[in-house]
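Coming up is one lone chain in structure tokens, specifically the form predicted on its own.
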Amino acid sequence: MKRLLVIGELNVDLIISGLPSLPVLGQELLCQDFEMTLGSSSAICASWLAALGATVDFWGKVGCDLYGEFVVGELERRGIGTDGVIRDSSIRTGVTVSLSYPHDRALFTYLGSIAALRLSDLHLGLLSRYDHLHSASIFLQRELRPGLPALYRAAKKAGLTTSLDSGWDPEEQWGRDVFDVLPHVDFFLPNETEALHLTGANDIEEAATELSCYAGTVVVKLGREGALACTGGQVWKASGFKVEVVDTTGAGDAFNAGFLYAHVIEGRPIPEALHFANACGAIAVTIIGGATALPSAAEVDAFIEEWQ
């Protein structure tokens, strides 16, 4: 079995769901549910990968606080290796508050440890122990972001395949330095909105085609509409699953894990991997919390069979 390494941000998610409307200043709203779960795009993807059956280690940073202990404990409970997680007493563990609605969510994030991981914190000599590297939310990882090209070059030199999910840029600057990393990325995994912002294109296939001139294969998440992949001028599309949406938190990360597991680990062709990844995203939105619904690969395949 291939061994995967996820390097990235760590935080807790405080998820508020069942709100009657958007918040209004000066008013109090009652919610129907509240959960504290393992957060961060990178950690949710790692959790799904481990549940599907992959061997996964995580390198990141947390504070020496209750949230940090919670994060590390949740990673370990999911069978993810945490020897590469740094505990830093000078920072606080990051927190994201998610206001979850049936078809979207609003996020409020305290960066803390999310932005604190640096390239100099990473033992690049250990990369050769792994077969694949994944990271995400690069616009939030402010200290690591300048070192991403060097990290991904080192991973490729060590013989790893690589993947990257840009995530949303809260400053909406969409820096062109992202394109310095993409030549070292085998699978770039933005969502539709991110791909359009990064390229300035008006059409998603146009955006995917442009991005594939830099990265090896571009896989774009289209929400309820499914996903598409583009490489070498060829485009594949896969429809989504029409399920009842409870919480969209982490759906894209579940998709990422599904695609990587199906294509990189199991070697399924891209169209089949897209279908499997869409199923993972669909399962994720039926339960509150991005790292809550964690099925095995067999259970995802069974879900797909039920929809045939």
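Predicted model, so just to flag it, every value in this text is computed and none were measured. Note that residue numbering follows the sequence shown and begins at 1.
Only in words, not in the display: the form predicted in complex with a small molecule, which the text now covers.
- This chain appears without its partner; in the predicted bound form, the one residue of T109, S100, S212, N191 with a heavy atom within 4.5 Å of the small molecule is N191.
- Scanning A251, A262, A51, V56 against the small molecule in the predicted bound form with a 4.5 Å heavy atom cut-off leaves one residue, A251.
- Using a 4.5 angstroms threshold between heavy atoms, F70 stays clear of the small molecule in the predicted bound form.
- Taking the partner from the other structure, the small molecule in the predicted bound form has a heavy atom within 4.5 Å of a heavy atom of N278.
- Proximity of C45 to the small molecule in the predicted bound form: non-hydrogen atoms within 4.5 Å are absent; the residue sits far from the partner.
- When the small molecule is considered in the predicted bound form, V245 lines it closely, a heavy atom lying within 4.5 Å.
- Residues with any non-hydrogen atom within 4.5 angstroms of the small molecule in the predicted bound form fall in just one of 215-223, 229-237, 115-123, 150-158: 215-223.
- The candidate spot formed by F255, A282 and V285 is fully in contact with the small molecule in the predicted bound form: every one of the three has a heavy atom within 4.5 Å.
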